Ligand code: HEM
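A single chain, nothing else alongside it, follows as structure tokens in the form predicted on its own.
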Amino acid sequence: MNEILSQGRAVELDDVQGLIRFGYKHLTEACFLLLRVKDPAAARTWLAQAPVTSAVKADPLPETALHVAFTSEGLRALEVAPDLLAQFSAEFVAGMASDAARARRLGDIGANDPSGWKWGTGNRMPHVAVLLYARSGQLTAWEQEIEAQCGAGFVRIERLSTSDLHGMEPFGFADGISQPQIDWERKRPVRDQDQLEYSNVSCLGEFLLGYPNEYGLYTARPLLTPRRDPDALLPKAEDAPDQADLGRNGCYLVLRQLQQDVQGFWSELNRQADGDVDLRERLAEAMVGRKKNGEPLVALSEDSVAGNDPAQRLKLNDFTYEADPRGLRCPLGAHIRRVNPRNADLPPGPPGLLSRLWRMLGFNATARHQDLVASTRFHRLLRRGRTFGTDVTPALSATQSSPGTETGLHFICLVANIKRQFEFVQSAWVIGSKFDGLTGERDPLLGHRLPDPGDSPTDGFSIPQADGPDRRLNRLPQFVTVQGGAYFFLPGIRTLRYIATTHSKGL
């Protein structure tokens, strides 16, 4: 039975695109085809029968996988009714590169400015992303087969290739360790209730539309009257059973092409360390917040062993920063601390109603100091990115010029609310120069270095010291540059078929 049951309600796994549930680590080859509609009728014909992979667990594991997502321009090109399109989130409808204010919030200024992107603006805005995954040696044939199928309806504007760096990201650190644990069994209470301890478990509705989120609410999405779904292709809305739910079992997909200057990163740290190899490594680990093998700096242990073993990687994600409030082990501005602060709704403290009230009202000085960052559970991202380019040895990068091939990450995250999840994390935590009470620094890996208003510098990184003032790294260059990006809607499979087959009925 292709369902997970909980309290009489089901998650229709056969209607969910598998990318939401699986990372496809066994499918080591992948590419992302960015397409524009050239013939709407032919495009819809292919979409009606595209071999999309569902979230049902397969035994044996699949040899290939395919997923389809649309930009708002893509839905317009497929002639989706304007009133339905207007019911999607404002961020999705507008698009990632829609205006200067959004660009400033996302840090897409300077070298990241959309005017310099390879794709994502103007006639380089994709309508559809087709994400292809395959076992080693099988991608070429799979890609040729799919392009032959959809060629009559689409024209390709970009092909994003990927590479297998065996669980490492281009700077040389283990990646893909920290992911939220999604409540597929729907055991979480459907209500907004304070969480006094950090938990890695997230409500299904934080990532899948049509289900309750951490507030106990259903995220707004397009709902239709029965008249507009006469063949009952769409699932019914849980919170409005008399309406068809165009969003249910779908989510928003954020895609950003991030080029990483590996040689620049390691040579800069070599300069900061005056050529001391051990210090260079420690500075890099402080910026990331983990050792290269993935071990978190807040939980170092001599007998810890890193690797790709799932149990070990789970262990590498089982920690908080409660015992390191000053950032003496993991700096407050480290990358992993910014993108996942691992805090609860209130600062930690003794049990009891009086203690809780004291912290809520701000009478506890220690609690106030630890209450500078918003609660993690409302801003989680489900990451599904892939690396591209070649593996570059850090030691070589620190002293010599690396090959001219571009290296980086095709960042992909899945969310139910673009503004509250991706845009908040990007603007308040990654780009924010005052994260957790800091000043003059952005994310040491992802941040740009342009000054704040008033010409205040943001090119520093501070490493707290137990016996004196912070160690400060200054004049850091930018290490990651945005090359393209867009917001997509990754629909449920029934919604995909609805979009493809209802046009001729004037719905």
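Small disclaimer: the values here were computed from a predicted structure and weren't measured. For every residue, the number given is its place in the sequence shown, counted from 1.
Note that the form predicted together with the named molecule isn't included here; everything after this is about it.
Contact check at 4.5 Å (heavy atoms) against the named molecule in the model of the complex: all three of 288, 422 and 480 pass. Contact annotation: residue 203 falls outside 4.5 Å of the named molecule in the model of the complex, judged by heavy atom distances. The shortest heavy atom separation between residue 389 and the named molecule in the model of the complex exceeds 4.5 Å. Residue 327 falls outside the set of residues with a heavy atom inside 4.5 Å of the named molecule in the model of the complex.
At least one heavy atom of residue 426 is located within 4.5 Å of the named molecule in the model of the complex. The partner is not drawn, yet in the model of the complex one stretch among 80-88, 166-174, 151-159, 135-143 has residues with heavy atoms inside 4.5 Å of the named molecule: 166-174. Just one of 298, 339, 344, 237 comes within 4.5 Å of the named molecule in the model of the complex, counting any heavy atom, and that one is 339. None of 218, 435, 119, 411 but one reaches within 4.5 angstroms of the named molecule in the model of the complex through a heavy atom, and that residue is 411. Residues of 232-256 placing a heavy atom within 4.5 Å of the named molecule in the model of the complex: none.
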